[in-house]
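The chain that follows stands alone, in the form predicted alone, written as structure tokens.
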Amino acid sequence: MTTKNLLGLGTFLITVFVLVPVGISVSGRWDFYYTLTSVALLSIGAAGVWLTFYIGRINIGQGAYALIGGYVSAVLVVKADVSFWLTLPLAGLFCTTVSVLIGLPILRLRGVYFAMVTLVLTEVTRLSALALPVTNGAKGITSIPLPGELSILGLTIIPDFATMQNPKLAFYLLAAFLMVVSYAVLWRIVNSRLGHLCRSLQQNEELAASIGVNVAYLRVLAYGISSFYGGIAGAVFVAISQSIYPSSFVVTDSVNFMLYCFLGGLGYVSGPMLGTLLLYFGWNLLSVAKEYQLLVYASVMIALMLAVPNGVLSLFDRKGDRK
């Protein structure tokens, strides 16, 4: 990383972990914690969608994995009395397993088939949650306890959220930490040999296959990582709301995950993060339009995509931040 990039990263980390909490504490607007926590978690899911775009595939099913991850965590915590901290990776791994089973046959085909499958995946997951006894159907799972204490070798790493005076701050720091780690991993993937191979799929899959690149393997691997991100984001969402229903994540959420990537910039690792921030707050600001909110929102999105087809970040850096 260059000195400029390190300076930018340091500024970002100070802003997220120091300036934001201090600013909220001074203003007394504790509700901002929930808003920023939601933005952080949504950006994690969007980061996974970005990775599938990176290999040249359209993913419109991330909401399904957020829902699956949420249910896995909720079922383990409520019905099996498993610690939330253990369910967090388990939710991601379960989603990865599901995505691999789906991806193995589909990702060998042309991209249009994969896009069609992901388009219906969220609705299929919602209907499955309605039908399966373990998910309690339409009643959902409620009264989910807050994350308990996380200790290693008797040393308390994270205290019990239920004993905290302000668990909103704790959830914000957790979501922000997961977001930073997720994007750091994503950046490392993109700038590794694996990332260079994935980038070759965008240019010419036939040519990549002819020189020995295992195209199907890379597609499934990227999709598995993508779904892992969706699963952990969904698990934390459930811990915050302390409940989950089949309608907690719907097709609209899957479409939004994709829009976050488009708006921020598909050519930029940090694009989904910025896109999430802009769309989340933009939608809330447009509430003044009342019944015309959706119309204004759609019009603004179309205008932005026409004006900046490479995303908002392209206005600041023409070279991109992949390299």
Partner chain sequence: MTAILHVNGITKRYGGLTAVNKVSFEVAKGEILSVIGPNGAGKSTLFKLISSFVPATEGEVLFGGERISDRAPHKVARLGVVRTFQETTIFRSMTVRDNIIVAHHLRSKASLLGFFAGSRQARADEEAFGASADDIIAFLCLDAIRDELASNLPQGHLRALGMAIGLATQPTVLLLDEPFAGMNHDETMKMVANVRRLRDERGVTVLLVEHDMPAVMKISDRIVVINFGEKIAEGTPAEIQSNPRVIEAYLGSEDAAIGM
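From a predicted model like this one, the values you see are computed outputs, not experimental measurements. Positions refer to the first chain, counted from 1.
If you look for the form predicted together with the partner chain, you will not find it shown, but the lines that follow are about it.
- Contact check at 4.5 Å (heavy atoms) against the partner chain in the model of the complex: all three of 200, 214 and 217 pass.
- Residues placing heavy atoms within 4.5 Å of the partner chain in the model of the complex fall in a single listed stretch, namely 201-209, out of 201-209, 86-94, 136-144, 100-108.
- The single contact residue among 82, 194, 251, 116, judged by any heavy atom lying within 4.5 Å of the partner chain in the model of the complex, is 194.
- For the options 221, 75, 179, 240, the residue carrying a heavy atom within 4.5 angstroms of the partner chain in the model of the complex is 221.
- Looking at residue 189, you'd find a heavy atom of it within 4.5 angstroms of the partner chain in the model of the complex.
- Contact annotation: residue 185 falls within 4.5 Å of the partner chain in the model of the complex, judged by heavy atom distances.
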